[in-house]
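Okay, so here's just one chain, in structure tokens, the form predicted alone.
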């Protein structure tokens, strides 16, 4: 497959907070784009720039060589890939499908096996970096599947991210993302606790952040999300409800491999309370509210 821009037609399904920016980078690189989203209004900006609207995932598959998905939940992934009107039933032989949703490693393995049976290559390639990384094209992309397929589509992935790492066989990208989410879960508790501690100790949290962000406590969450929470900006770069979904997957996978993920379990219990209070549509930095 020739991946020259303007010669490779790409399909993109899932035009949300992350997907909109990711698809935009592909268009900027010159790739003709077929798009589908449950709510067409969210795709209007891309349509105005020249993307082609398709009425279903099946229609995207029929008109594209490479199809990328950025969806919400594993059930959405299963429907879009394995349903009777899904991608695998309608893709051309030789197509490549790339699921960039954070989803179940086991589902990624199932999709890859089903894809092989119909002559389609499948990669699981979840991302990290939030709305900022998506907007700036600096996402970290973790890839599972066949290495030759990965090398083939790497130029496409490079339009959306900077740290693009092949992790291994199908499902490996999702397992890597679970490790990422486990690290973030406990980190977010620490970031919130640190900022509230600074405030209660009579310090100026923004000044404290200036000191600790570049030291041993430094993290992406501290540098990017702590300023938002201190400014009262709780808008989603990544939804609380989606983070809970990720933590559920990580807890299930941890149980399967015999890991007692206690920090993850505690973080999830706190986010569950946040969602129960009606804050599931806020960004993950809203955990700050629970500590205050």
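We call the rigid core the largest set of C-alpha positions that still match within 1.5 Å between the two forms. Bear in mind that the values here come from a model prediction, so they are computed numbers and not experimental data. Residue numbers count along the first chain shown, from 1.
Unshown form predicted together with a further copy of the same chain; subsequent notes refer to it.
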>> Between a further copy of the same chain and 49, 62 and 97, in the model of the complex, does every residue show a non-hydrogen atom at 4.5 Å or closer?
In response: no
> If we take heavy atoms and a 4.5 Å cut-off, which stretch out of 248 to 256, 66 to 74, 32 to 40, 227 to 235 is in contact with a further copy of the same chain in the model of the complex?
Replying inline: 248 to 256
> Quick one: of 184, 157, 120, 107, which gets a non-hydrogen atom within 4.5 angstroms of a further copy of the same chain in the model of the complex?
Replying inline: 184
>> Considering non-hydrogen atoms and a 4.5 Å limit, does a further copy of the same chain approach residue 172 in the model of the complex?
In response: yes
> With the partner left out of view, is residue 240 within 4.5 angstroms of a further copy of the same chain in the model of the complex by any non-hydrogen atom?
Replying inline: no
> With the cut-off set at 4.5 Å between non-hydrogen atoms, does residue 85 touch a further copy of the same chain in the model of the complex?
Replying inline: no
> Is residue 196 one of the residues lying within 4.5 Å of a further copy of the same chain in the model of the complex, judged by heavy atom distances?
Replying inline: yes
>> Need the contact residues for 239 to 270: heavy atom within 4.5 Å of a further copy of the same chain in the model of the complex, sequence order, or none if there are none.
In response: 250, 253, 254, 257, 258, 259, 260, 261, 262, 263, 264, 266, 270
>> Aligning on the core only, does the CA of residue 188 end up 2 angstroms or more away between this form and the one not shown?
In response: yes
> Would the C-alpha of residue 224 be classed as shifted by 2 Å or more between this form and the one not shown after rigid-core alignment?
Replying inline: yes
